Structures are given as C-alpha cells and as structure tokens.
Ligand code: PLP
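A single chain comes next, written as structure tokens; it is the form predicted on its own.
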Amino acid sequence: MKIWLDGGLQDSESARVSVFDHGLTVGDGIFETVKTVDGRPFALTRHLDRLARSARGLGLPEPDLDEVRRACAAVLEANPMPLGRLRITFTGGHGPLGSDRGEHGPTLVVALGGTPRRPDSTAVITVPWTRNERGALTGLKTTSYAENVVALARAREQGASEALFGNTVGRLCEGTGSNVFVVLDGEIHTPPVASGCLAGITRALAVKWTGATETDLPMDVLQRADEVFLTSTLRDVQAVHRVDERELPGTPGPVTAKAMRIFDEHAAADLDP
C-alpha cells in the first residue's frame, strides 16, 4: 500500500510521522474522507474547499490544494480498488508537547483503504452527551475525534452503527460522522448548521437534490418522525430502521427511498458536483 507523506509516495509500512507531531500530541489537525469508486474521487472539490475552511478556522496554514489533488491522484493510481475511503489529513506538524504550535510547518498525509458498500438501512441510538454549537471547533472537521469514538462505542454496544447528539439547548444536531434527516408529513427536514452540526458534503448535496428544509428540531422528533435517514461520505443516503428502542417498519420509507434514488442518479451523473 502506498501513501502520500509530505511531498511524495511512500510505502505505508515504512512511512513515519514524528512522535512530536501536533496532530498526535494534541489533536491539532483537520481531515477529509472522500469516497472513491474505481479510482475516481467523488465531490473532491467540495471536500478540498472544506479542508481549506477547516484550516482557516483552526488557524493552520492554508493547505496547497494543488498538492493535495496531486497527492490524491498519485495514491489512487498506486492503489487500485473498486470502492475506497480516501483520507486526507493535515496537521500542525512537529511541535512542542503543549498546546503551542511549533515552527516546522504542517504535515500532509493522504492514504486509501478499501470499504464495503453500506447496508440500505441501519440502527442508531441517541447519547446523553451534547454538541457545543458555540465551541471553537464547531463546524470544523478536526482530528479531535475522541468524543465521537466514545459515542460510537456506545452505539456498537447497543447494536447500532451510529450515535446521534443533541446540542446544548436540546435540539437535534448530528451523528458522530453523519448528518441526520427526518421526514414529517412527507417533507424532509434536517438540522441547520447553526445547531452545531458539521456542514456535511453529502448533506449539502442531499438538501440541494431533494429539496430538504433546514429546520430547528427538538430531540424528540426522532420518536415521532415518519422516516429517518443519515447522510455521509460513505453512507450516501442510508435509511434508519431503529432509533433507540423505536422500530421504524417498512424501512426505507417512500420518501427516503426516493431520496436514495435521486442521490444515486445525480452522483452517477457528476463525480464532482
């Protein structure tokens, strides 16, 4: 397996990042996950735009997006696979052991791994922890992911593949690595970015292509919604058949099934929408 590290391809087994890299010591980094199909990335321009926004929000140097594109192309060419997870990681680089940054410049890693196609439906749980819609990292896709690790482990313990968070005022926010949509009286709704959720790439495309409405939603909407679905890079649009103890029969419902079909059709027609 070949990865890209700081300017060129390297063997994954011999590639080395410093033990003093700020992304490792304090989580000072950002990342993107890009779906690839037969060696071609999906929505790469949108992902790179968000990478640059996250860098600015975290105070990191502006990533050289031309280099990132070259890195992605090189890694994809070196590692052919039918369905892949392309991971772009950009950190603060070699730094001190505290929160202050060093002066060595950032680290760029691009790696690729295979991934299976997701099931058409899944189970989710809600968790007691909250997203802070007013936090310094709100809306940024950072490598400070431990909160998501804890919540996803809770979901796995309960036979689910995702955990959903509310925010500090009790409104529905997002999953550990997904955005959430609900169907009410035939209409599709999703929490607004102001709720504290990440501005997901798949979320934005689903809103655009299905006509979904951004709506401030209470957490208990999950107990009365006609249908629920998730969106993310590797899920695309995925129906939810169980929320906590509530079963949603007939999943995917008609609105979700239509959203899944619309998304697949548009994505197939344009790899960089």
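One-based numbering along the sequence shown. It should be emphasised that the depicted structure is a prediction, and the values quoted were computed from it without experimental measurement.
Here the subject shifts to the form predicted in complex with the named molecule, a form of this protein not shown in this document.
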item: Any non-hydrogen atom of Arg171 within 4.5 angstroms of the named molecule in the predicted complex; value: no
item: Contact of Ile201 with the named molecule in the predicted complex (heavy atom, 4.5 Å); value: yes
item: Contact flag, Gly175 vs the named molecule in the predicted complex, heavy atom cut 4.5 Å; value: yes
item: Close approach of Thr233 to the named molecule in the predicted complex, 4.5 Å, heavy atom; value: yes
item: Listed range touching the named molecule, judged in the predicted complex by heavy atoms within 4.5 Å, from 175 to 183, 119 to 127, 90 to 98, 75 to 83; value: 175 to 183
item: In the predicted complex: members of 124 to 146 within 4.5 Å of the named molecule, any heavy atom; value: Arg131, Lys141, Tyr145
